[in-house]
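The chain below stands alone, shown as structure tokens; this is the form predicted alone.
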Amino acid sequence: MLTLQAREHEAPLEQVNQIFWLSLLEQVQAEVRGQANSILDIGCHDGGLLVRLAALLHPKKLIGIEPETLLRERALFRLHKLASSVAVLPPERWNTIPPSSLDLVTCHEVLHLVDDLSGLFGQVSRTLSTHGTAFVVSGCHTENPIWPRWSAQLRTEGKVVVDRSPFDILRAGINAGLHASLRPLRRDGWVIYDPDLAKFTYSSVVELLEHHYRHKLLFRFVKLP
């Protein structure tokens, strides 16, 4: 069974992710062009990214996949007035979503918490409509030099994380029948970082910038006819 681990309910999580979400939203806006009536976010936490997607695209349907009950409830509270149909489901209920019913799927830094990558992409492929697109962000991969340190920190906190390469992610999407491509998530812009408050730290400014502009990757998976 596909499982997705819960993440901490940290208020700063949304603040930390803002700059990455902005880059993701810019790419979504450039490619989707308002044609996304149904949107699903994998690992939606308390709905922060879905709130921004709703403001950008005004969809009729919003769906979140989130393993933790409290976060699902918080997400529903935030989202219930933003679309005519809103659902926040545990991962085991993803199979209740009708085939070919989603125009857009997003996923930000979740894949390292997923035990069954092929199962996840199988669900993405099953539920995406023809010409639908999934945008998947991952900096937690084995080609990122900081990942061994961060993954060790997560394991110390009791998390079960999976080491995967970018090619593993590409293969999983391709094997599910999706057309795959990738690019760095960010190409320019400011980096905001407080070395005294950050939970996940960098050893140098070079490492910080390399993470933001080189190793934080955006994968695009398109469902072709």
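All residue numbers refer to positions in the sequence shown, first residue = 1. The model shown is predicted, which means the values in this text are computed figures rather than measured ones.
What comes next is about the form predicted in complex with a small molecule, which is not displayed.
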Segment that reaches the small molecule in the predicted complex - one of 101 to 109, 73 to 81, 128 to 136, 142 to 150, heavy atoms within 4.5 Å: 101 to 109
The unique member of 184, 166, 177, 67 whose heavy atoms fall within 4.5 Å of the small molecule in the predicted complex: 67
Of 36, 42, 54, 161, the one that lies within 4.5 Å of the small molecule in the predicted complex (heavy atoms): 42
Interface membership of residue 113, the small molecule in the predicted complex, 4.5 Å heavy atom rule: yes
Non-hydrogen atom contact residue 201 with the small molecule in the predicted complex at 4.5 angstroms: no
4.5 Å heavy atom contact, residue 25 to the small molecule in the predicted complex: no
Any non-hydrogen atom of residue 13 within 4.5 angstroms of the small molecule in the predicted complex: yes
Non-hydrogen atom within 4.5 angstroms of the small molecule in the predicted complex for each of 17, 21 and 91: yes
